[in-house]
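Taking the form predicted alone, here's one chain by itself in C-alpha cells.
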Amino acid sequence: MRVGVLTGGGDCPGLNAVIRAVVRKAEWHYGYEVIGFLDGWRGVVDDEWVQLDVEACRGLLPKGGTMLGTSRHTPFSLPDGMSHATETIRGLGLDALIAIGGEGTLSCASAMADRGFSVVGVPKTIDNDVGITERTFGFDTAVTVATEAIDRLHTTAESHARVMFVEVMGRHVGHIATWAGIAGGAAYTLVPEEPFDLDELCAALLRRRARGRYSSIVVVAEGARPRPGTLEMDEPPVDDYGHKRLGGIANIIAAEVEARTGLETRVTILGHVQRGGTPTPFDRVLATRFGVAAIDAVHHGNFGQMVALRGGAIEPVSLRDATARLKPVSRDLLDVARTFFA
C-alpha cells in the first residue's frame, strides 16, 4: 500500500512527531510505502513530494515546525486545483492520504472524502478548537510558553506597579488565554466567547489597586472583542484566504485602560513565539498516538474519519462531524477563571 501524508495550515509543535509515527508504523509494522507532500495541499495540486522512510524521520520527535512545509492553500482555493490533485493522487497510485491540520485542512479532507477519496484526518492546532477531540497537539506547548511569559511578567509588573496586558493567540476561541490565565494567576482574561465591557475591566483593576494589589496581569486572546457600543474599533483587514488579520487588540485596550483609570500599562504580544520551538512531552506523546492511530485507520480502511482524543483514548470520529463547528471554551472552565478575576 502507498500512503501520502501532508501538513496544512499554520505550523505547530508536534507535527514532525506525527509524521515520524506514521512512517515508523507504516514501514515497520505494515510494510507500507509513505510519501510526504510539500507545503500542504499545494503539494498535492502541484505534484511535489518526497519519499519518507524511517531513516529520513530520525531526530524529528523534539523538533518544532514541519519537515514537509505547510501552506493554507487547498485544492478548492487554487485554479483547477481539484483536477490537478486528482491527477496527482491517481498518478502516484496512492491508496490513502493522511491530512494533518486544523479547521481549514480538515474541512478540505472532509470534502475530499465526500468525493470518494480515501482520507484520514489528524487534528492539529494550538488553538485547541477542533470539534469532538478533547485536545489537539500543539496546545499544551502554546499554553506552556504563554504561562512562562506571564510568570516572568509578574515580577516586572510588581516592580513598577503596572498593569501588564499579555496578548495570546485565539482567533475564534479562548482556550490558550483561559488556560494560561488560570495557570499564570491573571487578574482578568478576555476571550472571544464573551465580548468584554471596558468599563467593567477598568472598575475591576481599580478595585484591585484599592485592595493594595499594585500590579495586575490581563490576558487577552487576539480575537477578543468589546460588547457592541462600548468601544469603537475598526474592522481588521482580510487576508487572501478570507481570514481577518488579527493582532494588536491588547494595544487598544491597554491605551483605553490607562486613559480611563490613570493606571500605567504595558503590552506584550506573544504572537508566533507560541507556535515555535520544541513541543512539550505531552504534545510529543499525543502527536505520536495520533500518528499511530492514523496509519492504523488506513490499515483498517476507516476512511472519512479523524483520529480524536476522547476520554483518554484515541478513537476514530467522522471528519464531517469533527469539522461541523468549532469547540469553544467550556462554561465550567470560564467560571473557574472568573473566580480569580479582580
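Numbering starts at 1 and follows the sequence shown. Just so it is clear, the structure is predicted and the values come from calculations on it, not from any experiment.
This next part talks about the form predicted in complex with 6-O-phosphono-beta-D-fructofuranose, which is not shown.
Interface residue remark: Thr125 is counted as part of the site for 6-O-phosphono-beta-D-fructofuranose in the predicted bound form, having a heavy atom within 4.5 Å. Put simply, Gly170 is close to 6-O-phosphono-beta-D-fructofuranose in the predicted bound form: some heavy atom of it is within 4.5 Å. 6-O-phosphono-beta-D-fructofuranose is not shown here, and in the predicted bound form it never comes within 4.5 Å of any heavy atom of Glu193. Contact annotation for Arg42: none of its heavy atoms lies within 4.5 Å of 6-O-phosphono-beta-D-fructofuranose in the predicted bound form. Checking 202-210, 126-134, 144-152, 259-267 against 6-O-phosphono-beta-D-fructofuranose in the predicted bound form, the stretch whose residues place heavy atoms within 4.5 Å of it is 126-134. Annotated contacts: Arg2, Glu87 and Arg115 are all free of 6-O-phosphono-beta-D-fructofuranose in the predicted bound form [non-hydrogen atom within 4.5 angstroms]. With contact defined as any non-hydrogen atom lying within 4.5 angstroms of 6-O-phosphono-beta-D-fructofuranose in the predicted bound form, the contacting residues in 259-275 are His272, Arg275, given in sequence order.
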